[in-house]
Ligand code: PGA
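A single chain, nothing else alongside it, follows as structure tokens in the form predicted on its own.
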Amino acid sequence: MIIALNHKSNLEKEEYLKYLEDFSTIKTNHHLIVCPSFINLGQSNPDKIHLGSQNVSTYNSGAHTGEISVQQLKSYQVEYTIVGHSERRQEQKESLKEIHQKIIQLQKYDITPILCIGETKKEREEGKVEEILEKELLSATEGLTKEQKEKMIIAYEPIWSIGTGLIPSNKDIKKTISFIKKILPNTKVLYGGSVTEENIDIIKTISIIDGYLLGGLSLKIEKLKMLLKKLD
């Protein structure tokens, strides 16, 4: 399975170095992707971990203060990049157009996009889950070839579930991921949103899930080890 670890804006330099030390003790056959904050990317050894970033600029290298270009990510041997996370959509007002541009940039440099999609609580209550997800998927993948779509990874994260401890029922998760896979056959789909070492026993019974995008849990090595053991 693919397990993507999103550190968000956490771990200072020494904390991250200790994290990498502890991370090296993990023994698993699952494909782990570490996505540290930008400032910690340079502390990582891409020969020992699969390295991901949490974002990429829509611009190429040049006079764009504060931006991190795809060329820079490639030079640090970044293999994956999270795109369209709900926190960026909400806090940075990231648009569908920008998300699409970022995916195009990443595809040019052979970096795999991990596209995050998900609905708000209100959208779910209004029965608009599939409408919202289809809009986000079609916009993000416009103009991509079949091969490019299949190389992407989709992370379904219900926005109302992130960090709340609340998760959809297995029936709802399975229905939603099946819907995503009808739009993008042969594309890996992860589930994210309040996944813990405790509720993984229930979620893992959904056989069509290809892996998980972890937030808070990704920072806690011992709990991560417990989760991975239950997935073995």
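Numbering starts at 1 and follows the sequence shown. Please read all numbers here as calculations on a predicted model, not as lab measurements.
Heads up, the form predicted together with this ligand isn't pictured, but that's what we're talking about next.
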Option touching this ligand, based on a heavy atom within 4.5 Å in the predicted bound form, out of 152, 144, 162, 133:
162
With the cut-off set at 4.5 Å between non-hydrogen atoms, does residue 55 touch this ligand in the predicted bound form?
no
Partner proximity in the predicted bound form: residue 225 to this ligand, non-hydrogen atom cutoff 4.5 Å
no
Taking this ligand as it sits in the predicted bound form, is residue 123 in contact with it (heavy atom to heavy atom, 4.5 Å or less)?
no
Looking at the partner-bound form in the predicted bound form, is residue 94 within 4.5 Å of this ligand by any heavy atom?
no
Report the stretch among 37 to 45, 63 to 71, 173 to 181, 186 to 194 that approaches this ligand in the predicted bound form to within 4.5 Å, counting heavy atoms only.
186 to 194
Between 209 to 228 and this ligand in the predicted bound form, list the residues on our side with a heavy atom within 4.5 Å.
213, 214, 215, 216
